[in-house]
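Provided below as structure tokens are two forms of one protein chain, presented individually as structure 1 and structure 2.
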Structure 1
């Protein structure tokens, strides 16, 4: 009996340790941010948000993340298509290179872009001579966002293309449909869930990106200061409550996207 009791106590302790770890590590910090940004009242939250530097950074982040996502959906779908449908030398190598932006530390990604396009580099010089500005301006932020979110769309579309039954396509051709029409009516609809799902993941990642962006952006308020860098700056200047206000806007947005992706997946599984 005694040993049984001891056994149960162990199990109970073990279970609560795991759950406690989970709650303390994940749930508590997230609630903490929400609590903190409203801790000085709702008025204070509004005040933090209505600071032009704060809301401009949020709008800028949204704008650039949308641009990066759209480019990525196009590029990603095309690359997924090429990697699945065509056979060519170096295909396996390219396929493994897709994951590199996930594996590389984001700060390293930022440094790579900075070195390639920055002042003093060959491309940077040419671009500057042509009168464009990339590094420390908005294009560099978009490039950094595209770099870190590169694999999402490709990895989401690839399995769908693999599963696509070739007979469907053949049937369409047999019935006299032209290439473009087959693509629009048969292939595109089957790739669409991956394009949307991967695109949303890429978007939420682009919104959150910090490491790559902070190195290549000029971080000038209102022009090249994105939200994550703004939050970092506020923490550095000892204003965590101001940082928390912008954080919960970003967080709420990301959670909404995550929830949407989950909903889409559930619907996909049911049908």
Structure 2
């Protein structure tokens, strides 16, 4: 088997197959989006992204994705801490449930939010009685984004906490440092790469969320219409150029985030 793997012809064929797979499934669709966005000229592209409904949907998506990411970083770090540092009944079940958003179709997540917080639900009725509205408003979009990006920060922070040497904390306590100071000076710097990397992945994923959002957003331009739903509407309206123009904004942002994550990881390995 080892001699087969070392054979140059087999190695060349294996690499070519992987590269072809990568090009067909990832590179060509991305190039197609960029091509379609500029197919009618640069002026038409500027006109498409200058449309008030289009750029308002992008700005709204950025705002809500940032809110969801901040919440996820805070809660995800706390959950990762509890899962690593404490023992309690049901810990294994809770740890397995963290990955549930990865396994569920996002539309199912949106339906769960709709049934739990919708106007006809118990919680939704109580919230409406208090004068607040969740479903078909921005809070529901944030909740949907949090749900689909929930595992990223947790799974990024957990291995860092597991690798943290307990002797470093013990040494800090021995030298007279209090709990808060130990956390800020010893524990937090160790968790920071996972918090930043997981937060960036969560933000990038939230930008593109569609399945969960479309069920709980009111899709009102400038108020609850996010980019992914706007793109879907443009395709349905037979305007693929306008859809592609907004899509490349999200694509470019995602590329920039992934590039930054890779740079941070490479710098972390060097240090």
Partner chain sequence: MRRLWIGITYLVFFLLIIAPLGKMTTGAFSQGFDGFWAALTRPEAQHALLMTGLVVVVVTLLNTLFGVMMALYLVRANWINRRLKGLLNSIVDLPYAVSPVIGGLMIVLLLGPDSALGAIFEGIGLKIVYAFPGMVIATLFVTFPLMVREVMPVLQEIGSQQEEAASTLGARAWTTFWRVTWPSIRWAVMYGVILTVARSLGEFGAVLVVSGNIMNKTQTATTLVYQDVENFNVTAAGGVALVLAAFSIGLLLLMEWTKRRKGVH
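From a predicted model like this one, the values you see are computed outputs, not experimental measurements. Positions refer to the first chain, counted from 1. For the two forms, the rigid core is made up of the largest set of C-alpha atoms that agree within 1.5 Å on superposition.
> Working through the pair one at a time, identify the form predicted alone and give its number.
Structure 2, which is the form predicted alone, differs in this respect from structure 1.
> For residue 256, is the C-alpha shift between structures 1 and 2 2 Å or more after core superposition?
Shift of 2 Å or more: no.
> Could you check how much the CA of residue 18 shifts between structures 1 and 2 after a rigid core fit, in angstrom?
The alpha-carbon displacement, core-superposed, is 5.7 Å.
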